[in-house]
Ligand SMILES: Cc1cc2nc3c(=O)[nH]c(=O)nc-3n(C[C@H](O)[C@H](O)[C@H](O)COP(=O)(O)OP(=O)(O)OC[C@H]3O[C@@H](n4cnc5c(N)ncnc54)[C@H](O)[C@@H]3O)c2cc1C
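Below, in structure tokens: the form predicted alone, a single chain.
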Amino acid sequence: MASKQSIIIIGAGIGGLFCGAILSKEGFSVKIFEKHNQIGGGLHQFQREGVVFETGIHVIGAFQPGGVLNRLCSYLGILDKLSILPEDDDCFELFQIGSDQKEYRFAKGSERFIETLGKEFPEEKENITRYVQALYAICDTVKHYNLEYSETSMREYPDTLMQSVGDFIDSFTENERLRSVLGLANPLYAGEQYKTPVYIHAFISKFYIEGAGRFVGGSQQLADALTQVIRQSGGEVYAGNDVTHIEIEDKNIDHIVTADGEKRRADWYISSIHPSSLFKLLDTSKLQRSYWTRIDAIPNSYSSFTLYIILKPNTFPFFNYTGYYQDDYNMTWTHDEYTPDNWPKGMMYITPPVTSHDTFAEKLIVNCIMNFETVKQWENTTTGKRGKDYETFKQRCEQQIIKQLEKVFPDIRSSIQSVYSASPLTIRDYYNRKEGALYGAKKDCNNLALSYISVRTKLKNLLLTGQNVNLHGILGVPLTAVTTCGELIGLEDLLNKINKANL
């Protein structure tokens, strides 16, 4: 009997764990090495005063019956291990604009989405319909993002996929208010109006329209379920044992060195970490520098400042939607353009479910866009040792966010028991992300070379996965993992197996 091919995966984030689970299921011998003591990357959780908070994945899509993540998790045999609460059908997203006190409720399903938004813009209903139809058509074009096989690569898709999201939205309406509303969710993908490729906007928008939901009890359950698949197949996930060096010989990785001083070899290697972090592990004298310099030069998306609020018992209602607020319509694309006095320009807020039938909220999470430049003066510090000025800065930010919250919930202070927060430095240090990038490398429709990163590299036995490769988040990263694993299994064969498991 032939021995299993061996795989070493660097990083136990969402991409690394999905790759590990898929390859383990398909008979590979998998070992994953993770820098932090807790696995999961964006699935991380932490506790304060006995209350569990999620750090990254707050809203999920495509887990509804027939959804691509539902099908992928069914193939892996973990769907029944996940507790998911669908967000409200009548309002899975609530957008609030301060200047005219307007609320826009987005309903699930394409028809109801059109109907609900059409009531706010009755003269634009035909345009809204054409817009939604075009979103769905874009998603149908990229076959492998629907777990369908196609020999076409991202570089070969129609130019319409690579137009900017701003140009795309503008082509359907001249109504400036509607243009702003259609772009209001851009903080979910670090959108830049005339740079971000429309396919990113289309996929994220469609899959939330079809099946927005949240993990009940936290996102770590997905990381644990994926790890169980790996270990049941004889693989292992090593938390708290970082890769410190990658040795190259003749355009191949010969071995890696881990923090415990061990040299470890495998047939194949997969990197799930930020390309710039990977670059630092390599002997640059043995690399094709032009390729790696291009990858390292891709600018990063913005970061965020997050407020974690513990609420007094039975004082604040649980709401089963994702809330967004900004002061005016013209701020839709400028959340990352601010001064110390007018930050934050907007916010996303949620009450994470503790059970599937909460009446009152136990906690409130608020995300506000923040550039790494804002905290750059402390970039050479470490957690817990950043100094008094940094603590003062954080406290000021916390109060500025609470003032924003008061515009939506005037009595919020009376419900607050405790407040904790995280800055871009926290994201950088805990996730090993360059500049605390919330959504990895930026994508620019005007420069495909800086927007498309192949899962293949110039090293023959090294593949890439993770949120820096074409599509990010709880939707994009698992789908990229399928593409990465397809290089080893055969993408057509892998997709057939996933789809047959759902018949």
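All residue numbers refer to positions in the sequence shown, first residue = 1. In this text the structure is predicted, and so the values were computed from the model without any measurement.
A second form of this protein, the form predicted together with this ligand, is not displayed here; the remarks below concern that form.
A residue is said to contact a partner when one of its heavy atoms sits within 4.5 Å of a partner heavy atom; residue 30 fails this definition for this ligand in the predicted complex, lying far away. Using a 4.5 angstroms limit between non-hydrogen atoms, residue 10 touches this ligand in the predicted complex. Residue contact with this ligand in the predicted complex: residue 438 places a heavy atom within 4.5 Å of it. Remark: residue 453 does not count among the residues lining this ligand in the predicted complex, judged by a heavy atom distance of 4.5 Å or less.
Checking 169-177, 130-138, 266-274, 405-413 against this ligand in the predicted complex, the stretch whose residues place heavy atoms within 4.5 Å of it is 266-274. Of the residues given (68, 445, 57, 463), 57 alone sits with a heavy atom within 4.5 Å of this ligand in the predicted complex.
Residue-level contacts in the predicted complex: of 421, 150, 377, 432, one residue has a heavy atom within 4.5 Å of this ligand, and it is 432. Taken together, the three residues 186, 190 and 351 lack any non-hydrogen atom within 4.5 angstroms of this ligand in the predicted complex. Residues are counted as partner-facing when one of their heavy atoms sits within 4.5 Å of this ligand in the predicted complex; in 64-92 not one qualifies.
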